[in-house]
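Presented below, as C-alpha cells, is a lone chain in the form predicted on its own.
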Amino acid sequence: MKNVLIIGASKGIGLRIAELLAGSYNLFTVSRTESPELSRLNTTHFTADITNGVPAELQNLPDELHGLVYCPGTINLKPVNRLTEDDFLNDYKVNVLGAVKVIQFCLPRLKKTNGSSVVMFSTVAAKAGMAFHASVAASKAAVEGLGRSLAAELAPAQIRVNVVAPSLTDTPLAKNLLNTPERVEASAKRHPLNRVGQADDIASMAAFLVSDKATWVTGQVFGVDGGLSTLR
C-alpha cells in the first residue's frame, strides 16, 4: 500500500482528504491537534505546528513517500491600510515557508518511489482580484509560483507537483464568513454555479491528483471555485 503524508488534516478540507484516502493508502498526518474525526481514521498522527519546523517524529516516516498534501491555510481579510507587516509575514510563513520546509524534508522519500505527487493549495483570489484579500492572495500567488517551479525542477525525478485553488468553502476556517444564512446566500450568488463550495468538492480534486489516475498531470493550478475565476 502506498504512503501519503497530509499536513493539516484535523479538520476541513485536510480531514476530508484523509477520509477519502483512508483504506487505500497508509496515511500519516500532522496537525496542531488531533480531532476525534481524524483519530477514528486510524492514521499515524503527529501533533505539531509545522510553521515551527518539521517535527523530529517525522524521521519515522517510511523510506518511500508516494504523496504529500500540504493543507494549512489562512483567511486574513482586511483593508490594505490595516494590514501589518506581521499579517503578511504570517500568511507567507503558513502558506509558503511551511510547504517549503515539508517538501525539502520529504524530498528524498518522494524521489525513491519513481512516481510521487505533491499537492498544495492556493485560492481563487490569487487569480481573480478581490478586495481585502491582499495578504492572503499575495502568499497564495507565491504558492502557485512555487508549485510550477517545483514541477519543472522535479519532473526528471518523476515527482508531480500541482496546486488546487478553491473559492470560499464551507469549512471551520471560513466559519466567520459563513455564519448566517444571509451570508451563505450572498456568497452562493457570487458563484456561477450558485452555491458555496463544500470540503468534498476540493478534497476530491486533491485525492485525484495524489492517485495513479493523475500520473500525467503536473505543473497545474486547478480552480475548484464554482466558475468564479473564469465565468461571468
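Please read these numbers as outputs of a predicted model, since none were measured by experiment. Start at 1 and count along the sequence shown; that's the residue number.
In what follows, reference is made to the form predicted in complex with a small molecule, a form of this protein that is not presented.
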Contacting member of L65, A206, L27, L168, with respect to the small molecule in the model of the complex [4.5 Å, heavy atom]:
L168
Please run the contact check for R160 against the small molecule in the model of the complex: heavy atoms, 4.5 angstroms, yes or no?
no
Taking the small molecule as it sits in the model of the complex, is S135 in contact with it (heavy atom to heavy atom, 4.5 Å or less)?
no
Would G147 count as touching the small molecule in the model of the complex under a 4.5 Å heavy atom rule?
no
Answer yes if any heavy atom of G12 is within 4.5 Å of a heavy atom of the small molecule in the model of the complex; otherwise answer no.
yes
Only one of 150-158, 122-130, 106-114, 77-85 gets a heavy atom within 4.5 Å of the small molecule in the model of the complex; which is it?
122-130
